[in-house]
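Okay, so here's just one chain, in structure tokens, the form predicted on its own.
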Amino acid sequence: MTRDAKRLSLILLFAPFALWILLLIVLPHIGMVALSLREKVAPRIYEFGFGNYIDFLNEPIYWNTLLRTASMSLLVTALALLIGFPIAYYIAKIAGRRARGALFLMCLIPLWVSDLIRAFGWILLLRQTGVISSLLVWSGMTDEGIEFLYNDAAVIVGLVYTVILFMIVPLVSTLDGMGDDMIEAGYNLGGGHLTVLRRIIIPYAMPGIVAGCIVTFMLTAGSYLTPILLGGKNSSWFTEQIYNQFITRFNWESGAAFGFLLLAFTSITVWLGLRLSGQSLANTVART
């Protein structure tokens, strides 16, 4: 009876999670793949085929945009890591308990508003008549306003601001478990700051680094509002191509193919990152 009760409790505990995975992730992706393999040969007449994928390969603007999105997503991930690692180390190893809570709160504040509001906040700062440009004119550093929007730099700044919390949290979780005696031992053995960082801190924090990079890369590659609003027509993003196929051209078959290609490409990139870092997904998730 006790064993059956434990088994029933376990089933009831995981049933909502399993249904969530099945209904909101597995089945939609299966439907998307099936839809992408429908090739339109006549009005309301479809055949099984890979025509949507062939069209993607035959159009350079599509796969160039995908490669461009991936490269910029990697750049955003690297910048988020460079900025977020010192912040995470300070929160985990230097700040006191009260300061740690305050710093975490400051990191969480941007998530209290939607992506749309955050993007418009950056627009107010970076546009030609915005806060930064007006301050430059007022200080005499320039005679007229400067347009900081609608370029790759604005997109990168906005995306780093959006995803940096997802880099900090796993890093703090990992670094918090590292004992101070390990760092002290490194200094006692004659290691300098860079040596201790390279030989002790970074290897220990590697699961958190990999977990943060995976999350930030996937979120960045799948972002839509920030690249569109901050980059405009000068910064094409692959999610915009997906949106155009679904909404503008009403070509759901090509849109589904593009969505699956984005998922496959980012998944392969994550797999390569795990291979190069020597980490496994199970070990990374377990440590963070």
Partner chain sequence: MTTDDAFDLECLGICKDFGAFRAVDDVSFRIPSGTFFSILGPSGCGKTTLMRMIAGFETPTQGDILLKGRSVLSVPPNRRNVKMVFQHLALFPMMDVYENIAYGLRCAGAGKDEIAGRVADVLTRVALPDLARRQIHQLSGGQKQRIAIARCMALNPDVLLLDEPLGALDLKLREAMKIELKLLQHQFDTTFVYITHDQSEALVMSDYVAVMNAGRFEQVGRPEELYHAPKTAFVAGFVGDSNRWSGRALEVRADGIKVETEAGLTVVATAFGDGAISAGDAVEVFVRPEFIAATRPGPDAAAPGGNTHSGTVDSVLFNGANSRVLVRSPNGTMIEADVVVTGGGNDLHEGDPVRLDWPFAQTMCFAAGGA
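Positions refer to the first chain, counted from 1. Note that this is a predicted model, so its numbers are computed, not measured.
Keep in mind that the form predicted together with the partner chain is missing from the display, and what follows is about it.
S.K.: Kindly indicate whether 47, 51 and 55 are, all three, within 4.5 angstroms of the partner chain in the predicted complex, using heavy atoms.
M.R.: Not a single residue of the candidate spot has a heavy atom within 4.5 Å of the partner chain in the predicted complex.
S.K.: Ok, 134, 195, 71, 142: which has a heavy atom sitting within 4.5 Å of the partner chain in the predicted complex?
M.R.: None of the others qualify; the residue that does is 195.
S.K.: Exactly one of 109, 102, 185, 124 has a non-hydrogen atom within 4.5 Å of the partner chain in the predicted complex; which residue is it?
M.R.: It is 185.
S.K.: Although the partner chain is absent from this view, report whether residue 191 comes within 4.5 Å of it in the predicted complex, heavy atoms only.
M.R.: Residue-level check for residue 191: yes, a contact with the partner chain.
S.K.: Is there any non-hydrogen atom of residue 98 lying within 4.5 Å of the partner chain in the predicted complex?
M.R.: Although the partner chain is absent here, residue 98 would stay clear of it in the predicted complex, with no heavy atoms inside 4.5 Å.
S.K.: Using the partner position in the predicted complex, report whether residue 78 sits within 4.5 Å of the partner chain, counting heavy atoms only.
M.R.: No.
S.K.: Does any part of residue 176 reach within 4.5 Å of the partner chain in the predicted complex? Heavy atoms only, please.
M.R.: Answer no; every heavy atom of residue 176 is more than 4.5 Å from the partner chain in the predicted complex.
S.K.: Can you say which of 83-91, 156-164, 112-120, 177-185 gets within 4.5 Å of the partner chain in the predicted complex, counting heavy atoms only?
M.R.: Stretch with heavy atoms near the partner: 177-185.
S.K.: Let me know which residues along 86-124 have a heavy atom within 4.5 Å of the partner chain in the predicted complex, or say none if there are none.
M.R.: Going through 86-124 in order - heavy atoms within 4.5 Å of the partner chain in the predicted complex - there are no hits.
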